[in-house]
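Taking the form predicted alone, here's one chain by itself in structure tokens.
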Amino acid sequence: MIKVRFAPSPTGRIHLGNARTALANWLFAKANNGEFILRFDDTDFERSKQEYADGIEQDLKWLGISPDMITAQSKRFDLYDAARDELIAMGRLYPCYETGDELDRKRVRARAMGRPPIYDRAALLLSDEEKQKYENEGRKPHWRFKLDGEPVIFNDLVRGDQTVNISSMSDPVLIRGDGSYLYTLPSVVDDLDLGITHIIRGEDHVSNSGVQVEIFDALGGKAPIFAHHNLLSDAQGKGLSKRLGSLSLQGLREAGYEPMAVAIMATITGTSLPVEPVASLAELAKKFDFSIISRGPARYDEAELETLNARILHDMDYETAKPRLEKFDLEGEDLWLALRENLVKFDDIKDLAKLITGPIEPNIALDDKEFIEIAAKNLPPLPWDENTWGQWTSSLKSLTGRKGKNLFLPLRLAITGRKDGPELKSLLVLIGRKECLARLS
């Protein structure tokens, strides 16, 4: 069975770029009858907070993502400790005692001598006595994974064949001096333990994948299949950040965007597919494939999101809208069908409904006063239907000689108080003859 995971750090609310990764995993799993695991990478105790984990679950639920399993790294340390001990025993994990300043100076010297600023593995030459001396000084070692140095080659479902030149990289630190784990080792251990078959994530992790393949091999496991998608940036081309709150899902939700609009934008931006309404995540899963993902940047466009959001609302049927209309004490399919074409966000309907329910301040220019009086006197009798508007305006055209904008705009301003809005052939029936006459008067 295909198993994928979305592994956010609960150090902030997830943004549109994180949603891109979550949805790529979710859609791939659902299209293949697989499982989607939500795994909180919460080994950074200082910055990880339960409120952020709860918020991430809420954001995913709003998008329509329901994990098949939820787990947290903070509850799995026994697995990481066992892997740590195994790597130490085989000589692949070794202690280093350099301070941050000492490492900085090494990097400066390497650059000055025209060498790449990678770690020189000096710690591998330390004797037991030298290590003990550092321990006695109060230094606590950080632990590095000894890379083989051979190129790591793997096939990426988005980027094709990839080669990561490990020889140009420093041995990665897997454990900090305080004993806490960095991302890399727990991630590999979890992927092995949970049976993850595919790792779908941003292209900024390609070099990480090379390191992780070596750790998978060292622990006797097989690396999952990789798919590294292009990253979503803001309108200015800058990367998104949880800490800065860039385009957070919480913010987009509070701004009134439809979850399906956000899901489509997060998934389709930067692909060969057009950004257009899709009925559901199930339908989106049928369209999603790694082959559609561009190798170029994926840039968010707010205007595109607004247009998409509006199109989704314009297509929304009454039964879907009904429970949400009731929250505003509104009802009736005729009302919904008359107003939905003018919505950008659903809550806009509160103000649009006032065109029907009132109160409205009619806007009648002095030059149009006589015309509006004629219009009031010639308001058609009941019953009214959608043909009433056409019959009335045709009659007024014959009586006054007005046509086009000079005919329609004064009537709209008098009846609705505004220059634009829903079609008056539908609106007129909902407002009713008595109220229309009152506004014209």
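Everything numeric here is computed off the predicted structure, so don't read it as measured data. Numbering starts at 1 and runs along the sequence shown.
Omitted here: the form predicted in complex with glutamic acid. The next part is about that form.
A residue is said to contact a partner when one of its heavy atoms sits within 4.5 Å of a partner heavy atom; R201 meets this definition for glutamic acid in the model of the complex. Contact check for C436: every heavy atom lies farther than 4.5 Å from glutamic acid in the model of the complex.
The shortest heavy atom separation between R76 and glutamic acid in the model of the complex exceeds 4.5 Å. Interface residue remark: S187 is counted as part of the site for glutamic acid in the model of the complex, having a heavy atom within 4.5 Å.
Checking 179-187, 146-154, 93-101, 116-124 against glutamic acid in the model of the complex, the stretch whose residues place heavy atoms within 4.5 Å of it is 179-187.
Residue H205 is the only one of H205, R84, R253, R139 with a heavy atom lying within 4.5 Å of glutamic acid in the model of the complex.
Looking at 1-31, the residues that come within 4.5 Å of glutamic acid in the model of the complex, counting any heavy atom, are R5, A7, P8, S9.
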